[in-house]
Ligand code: ATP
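Before any questions on how it binds or moves, here is one chain, the form predicted alone, in structure tokens.
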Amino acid sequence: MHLPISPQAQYALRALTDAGFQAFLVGGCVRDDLMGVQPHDYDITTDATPDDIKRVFAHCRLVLDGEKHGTVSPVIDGELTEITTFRADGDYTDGRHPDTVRFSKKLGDDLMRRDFTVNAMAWSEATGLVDPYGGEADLGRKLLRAVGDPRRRFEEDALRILRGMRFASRLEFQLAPETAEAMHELAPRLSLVSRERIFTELTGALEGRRAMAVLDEFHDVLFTVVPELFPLYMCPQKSVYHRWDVWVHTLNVLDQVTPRTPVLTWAALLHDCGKPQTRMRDRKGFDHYPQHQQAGAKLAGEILTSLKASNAFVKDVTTLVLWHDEKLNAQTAKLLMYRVGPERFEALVSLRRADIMAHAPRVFKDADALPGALARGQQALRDHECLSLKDLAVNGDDLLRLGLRGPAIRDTLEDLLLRVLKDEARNDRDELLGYVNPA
């Protein structure tokens, strides 16, 4: 290993070897180290059985949630360290999990069962790098290649198809041709994968810097798991304001959006998903999409709910989709902050910028107003300006005293709030009451 290994991982490796067992760092931590990236965590594989591991680390607190799969996790100096016995898998008749798993005394059995060559490397102080499938060379070539027969790897576990997309996007690697071919061919097997796992892997792929290229190459895989997005593919946008069809436009928005958070990247992917169902062509041959934001927010919510995303996540994304196409400048900043919520305002600015820059060049000038909008919104937060009805200097009791009743109270309060949000009035009680027409 080139980078410093965490003291906890070093301790675990040496404790196992001092007890007479083989012990290796394995998988992502080895890959990351060879790429010059500090690993987030360290996985250890060993010929010690779970009972052996428990004896070696009897002095530590042990987490045994994965014991039946061969994983025992001692807590060493406050850090959880996963240690797993060498394993060899049986058949995968359900397309996701091995029917049987047997413990092995051979590291080779454990590496053989892994998905991609760059994840099938191990390291120990005694042996150095163990790389039976050429993972180090593939790292140098920025190539993602399945271990052994790619068809067999994806038939065993269809989730590996989406893992391939995620790794290609996040590591900025290309897929080896035979591996990519098998991913396309076996995409229908993703019906065997839980929706939660699909959401997790797609989220990881969307966050990567190569998300645009990966989704372009594997749009068929995406449409297999999110068929609601297929209508975007080759949906025309004949307009002086656009360069590309809806799908290519969407990919370009995804490519440009930053920061690459889960909420923002999903909002970029789904922001125009309502266009195909609302598309209308006028007499001059130009396309229009009336109320595509509302249709898109509804469809985005259905998609994310089907993928078992949390309610809060669904709300964040659908809110951005609903308001992504609004004119955003210093004058409208507070109003849109009210519409989307202050906590989502910066994300809306980011999405709006990416969307503008994926239009035709004549639209680019609209991005010039975004820094001012962001500054105005940030100022409103700093100065604790009125951004909601509860901040308004007038309340329902004031309007009752003026004789208003029922819905008129709510309507009047919202009208006053809009005046304040648009900077047409100060949030001053006397000034606002001056706009009220008594009953």
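Just so it is clear, the model here is predicted, and its values are computed rather than measured. Numbering starts at 1 and runs along the sequence shown.
If you look for the form predicted together with this ligand, you will not find it shown, but the lines that follow are about it.
- Although the partner is absent from the chain shown here, none of 323, 359 and 366 has a heavy atom within 4.5 Å of this ligand in the predicted complex.
- At a distance threshold of 4.5 angstroms between non-hydrogen atoms, residue 167 is in contact with this ligand in the predicted complex.
- Mapping the unseen interface onto this chain, residue 113 counts among the residues with a heavy atom inside 4.5 Å of this ligand in the predicted complex.
- Using a 4.5 angstroms threshold between heavy atoms, residue 160 counts as touching this ligand in the predicted complex.
- This ligand is not shown here, but in the predicted complex it comes within 4.5 Å of a heavy atom of residue 40.
- Residue 119 is the only one of 237, 252, 119, 104 with a heavy atom lying within 4.5 Å of this ligand in the predicted complex.
- None of 52, 385, 398, 32 but one reaches within 4.5 angstroms of this ligand in the predicted complex through a heavy atom, and that residue is 32.
- Only one segment in the set 56 to 64, 24 to 32, 386 to 394, 373 to 381 has any non-hydrogen atom within 4.5 angstroms of this ligand in the predicted complex, and it is 24 to 32.
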